[in-house]
Each structure stands twice: as C-alpha cells, then as structure tokens.
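What follows is a single chain, given as structure tokens, in the form predicted on its own.
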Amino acid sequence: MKIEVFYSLSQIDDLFLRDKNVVVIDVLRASTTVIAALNSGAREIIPVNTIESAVKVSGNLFGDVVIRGGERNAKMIEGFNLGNSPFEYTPETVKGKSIIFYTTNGAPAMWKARYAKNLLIAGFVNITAVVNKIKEIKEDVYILCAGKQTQFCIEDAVCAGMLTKLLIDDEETEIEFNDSAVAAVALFKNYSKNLLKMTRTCDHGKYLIEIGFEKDIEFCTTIDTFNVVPELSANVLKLKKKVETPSAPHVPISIDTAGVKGE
C-alpha cells in the first residue's frame, strides 16, 4: 500500500483523483461536523463547492427534510439553517434530513474528490475507524488536506500524520509513502502529546477562539469519539455501515511515537 499526502487543494486536480482511494481531512471543522451529523442520524450530506450550488441543489429538493449547513469564513451563511459547529448537528435537528453542505475549505475538498473510487472523511474524532476502513480496502491511499484557501494548515497535516503513523505501525500492512507523508508523521510525532494546544495555537484555531468557537476546537481534537466513517456514493456522503458509537466521549488510543518503520 502506498500513502501520499497533499496539503492543499491547489496541489492536485479532480481528474488525478478519479478512481483512487481518497481520504479528505478538515479537522477545523468540516470533517468533524460531517462525522457528527451522520452519527446523529442525518440521512445524507451533499457537499458542494459554492454557495450558489448549495442554493441551487436545495431548490431542486422538496419538503422539510432538506436543510442547508455550513459557513463562510467560519460564520453561518445568511439563509442557511445551520453553521459549521458539530454541536449544532444534534439528532433532534438533523435525524432523517438531507443536508446541503458548503464550507470555505472542507466541502470544496470533498467535492474535488467526487470522482474517487472510495472517498472517506477523516478527523481525529474517527481516526481508528478510518484506519480500519483503509486496511479493508488494501489499496493505495491519497490523503487530501483541505488547508485554508489553498494554504497549508498544520492541524490537517498533523491528523494526516496520525493516520499515516497508525497504518505504518500495523505489522500486517506493508507501507510505502512519499515525502509529504513522512513530513506529516514527523509533525504528528512533534505535536502528539498535546493536540489541543496545537489546535489552539494554529492560525485557524486562534481565529475560531476569537469568534467564540473554543469548545468546537476541544471537540475536534478528541480521539475516537465516533466509530463511523462517512463515505461518498453518487455524490452524497453516507454511513454505509454504522457501528455502535463508543459510550465515552474520548477514547484514547496508544500511539508509539518513538520511531517509524522505513525511516
């Protein structure tokens, strides 16, 4: 299995990802929100790459089972029903609903990988479930970090590094990886002891704190809160196989950061 990491959407085009296995990461906060929403019983999430597309798609659907969620510059968009905080996507609000989803960075990343053979959504909150799904696929994986408006975001890179490290540590899987994946693992090893501090001090984390979303940051850095993996099928994100969610809000896993096989 080969793992390649891309740190922004500008590094890659849609056609390159066609028929490949892609993992999209946007820790703060689109990945986490999508995972939370589907775990709360949302019927499906339809990622779009523009606000205009969100309006158009929702206009083609009917009834009170369709809602619009997302953000622009981290704030809820006028005319949308929900923002991009995972705390908004409760079972009472989203169960059985189709969610048209636009965010500044995460949703365009999901949309960019719409031609993938398998598209998985990952964050710290479901990292082990994603690792297990990749091990089931047993093929090359391309990890796409959403970044911030084509720029590098350290929180997404660290999450990509954690995902890569867990796969490397699996003795049953032989891993090859590119330089970007090696760098991601090094970043994870550096920040693994305090992920919350890392997200509080990164550029986007500081901005979210300034506008009142510090609790979101804390939630987005918990490990294995959920045991579900959103997957794209026919341009919508769903849970193909839902597993019982861990009862504890934070289930830590053991990570050996002393070394990486192949270094």
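Quantities reported herein were computed from a predicted structural model and do not represent experimental measurements. Sequential numbering from 1, following the sequence displayed.
In what follows, reference is made to the form predicted in complex with another copy of the chain, a form of this protein that is not presented.
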May I ask whether Gln11, Cys153 and Asp179 all come within 4.5 angstroms of another copy of the chain in the predicted bound form, judged by heavy atoms?
yes
Listed range touching another copy of the chain, judged in the predicted bound form by heavy atoms within 4.5 Å, from 182 to 190, 72 to 80, 109 to 117, 136 to 144:
182 to 190
Only one of Val228, Cys202, Leu195, Ile67 comes within 4.5 Å of another copy of the chain in the predicted bound form by heavy atoms, so just point that one out.
Cys202
